[in-house]
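Encoded as structure tokens, the following chain is the form predicted on its own, with no partner shown.
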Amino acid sequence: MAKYTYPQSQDLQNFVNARYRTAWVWQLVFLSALLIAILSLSALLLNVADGAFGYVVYEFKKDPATVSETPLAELTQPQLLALLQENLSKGAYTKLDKESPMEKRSRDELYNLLIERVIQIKIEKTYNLFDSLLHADVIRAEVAEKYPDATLEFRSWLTPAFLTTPMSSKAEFAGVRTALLGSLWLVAIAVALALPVGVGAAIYLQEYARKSFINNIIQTNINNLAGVPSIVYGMLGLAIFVRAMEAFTSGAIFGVTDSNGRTVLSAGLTMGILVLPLVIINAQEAIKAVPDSIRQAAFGVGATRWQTVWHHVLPSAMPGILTGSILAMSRAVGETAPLIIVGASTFISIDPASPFSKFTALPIQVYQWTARAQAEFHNIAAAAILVLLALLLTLNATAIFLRNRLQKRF
């Protein structure tokens, strides 16, 4: 028989030192990975913020004094309405009135319309945040030389008005209200489809389905579908929801006559199908994590399988199910390709009022603005990215809050 001996003191010390060196190297590797991740995220945020703030050089195409003797900022809502009626053509005023009754619009809305349609601002040049902070004197000198009649103003493109203003063809008056509402509609419809169907499928596969060849094929396909490119789901949504189910998704069977299959309902259902495999997998993992002792205890006191699942397994797995589902919805919020295929509008100024409305979404709006040549559209695209990031962080924070609350409850 082989004889085993303990290492001598010097050999033991060398062995321990080697283990510590290896552990230190791996700790350094993991720390480096963390630092790289933090630096990448910081670079992303700084790059976006650099475009969302900075100096703007602009001129009025029409002198405000020729429109009103009273400063425009001091005019009341009826006075602004009268000026719009006086200075806009009949056709332009009627079109605005059809979109939303002019008499019911707020003073701020009328003021913005007057500036946009009558006074008309011309942006000469924009500067990024870091240039505005580090080279302010150079910028002022350049503006005084090249644009003597222009106004230099430090602007935050991300403002409360930016969130509450609809889309516009002019960057200085454009907002993300329509796109933000469209994204919220998409999330709501996707959740309504994916959450109950996904959790139900996960319960069946984990608690009821027996090990068989067919069930193994189903499980494998679900895992594979989670990695399918999103544009493939867009083609699926175009074929099924936009075309085959047009009578339903357009609202024709409910009496809606001014729409086609390219509605927010089609897009929401497509997003629901896209995240469905992720919801199923996350729910399965959450259910699998519930200890079998809970199930055995319920069976031991005479509970049926459904009673065990409903009263014991699901409450214990609910924090993980909700966390995984909301994180899956975060992916849907940031998708662009499927929405383009199913008919998202790149320019729309009317808010989606029902599932059968035309729509756009925040990623589509960012894509459309970044494709424009004017620098000011790149600025509002950066502001829209910040709104999108805030929406994603809100969803993730909601997931954490629900998980912690449910963990305390159950």
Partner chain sequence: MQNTREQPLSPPSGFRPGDLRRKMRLSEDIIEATLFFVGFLTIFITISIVIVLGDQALLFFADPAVTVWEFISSTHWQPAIGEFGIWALVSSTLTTSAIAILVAVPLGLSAALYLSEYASPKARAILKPVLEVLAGIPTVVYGYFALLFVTPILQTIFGENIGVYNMLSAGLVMGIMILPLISSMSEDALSAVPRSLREAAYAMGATPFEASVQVVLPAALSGIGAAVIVGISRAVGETMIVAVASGATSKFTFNPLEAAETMTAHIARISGGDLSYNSVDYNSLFAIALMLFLVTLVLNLISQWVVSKFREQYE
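Computed from a prediction, not measured in an experiment: that's the story for all the values here. Numbering follows the first chain given and starts at 1.
Another form exists, predicted in complex with its partner chain; not displayed. Remarks below refer to it.
Checklist entry - Counting only non-hydrogen atoms and a 4.5 angstroms cut-off, does residue 57 reach its partner chain in the predicted bound form? => result Flag for residue 57 set to no.
Checklist entry - Any of the heavy atoms of residue 229 lying within 4.5 Å of its partner chain in the predicted bound form? => result Heavy-atom contact with its partner chain at 4.5 Å: present for residue 229.
Item to check | its partner chain contact in the predicted bound form: residue 44, any heavy atom under 4.5 Å | outcome: Residue 44: contacts its partner chain in the predicted bound form.
Next on the checklist: Considering non-hydrogen atoms and a 4.5 Å limit, does its partner chain approach residue 104 in the predicted bound form?
Outcome noted: No, residue 104 sits far enough from its partner chain in the predicted bound form that none of its heavy atoms falls within 4.5 Å.
Checklist entry - Of the options 313, 115, 225, 322, which one has a non-hydrogen atom that comes within 4.5 Å of its partner chain in the predicted bound form? => result Only one listed residue qualifies here, and that residue is 225.
Checklist entry - Which one of 171, 143, 83, 273 is close to its partner chain in the predicted bound form, taking close to mean a heavy atom within 4.5 Å? => result In short, 273.
Next on the checklist: Looking at 194-202, 160-168, 247-255, 106-114, which stretch has residues with any non-hydrogen atom within 4.5 Å of its partner chain in the predicted bound form?
Outcome noted: So the stretch in question is 194-202.
Checklist entry - What are the residues of 187-221, in order along the chain, with a heavy atom within 4.5 Å of its partner chain in the predicted bound form? => result Heavy-atom contacts to its partner chain in the predicted bound form: 197, 200, 201, 203, 204, 208, 210, 214, 215, 217, 218, 220, 221.
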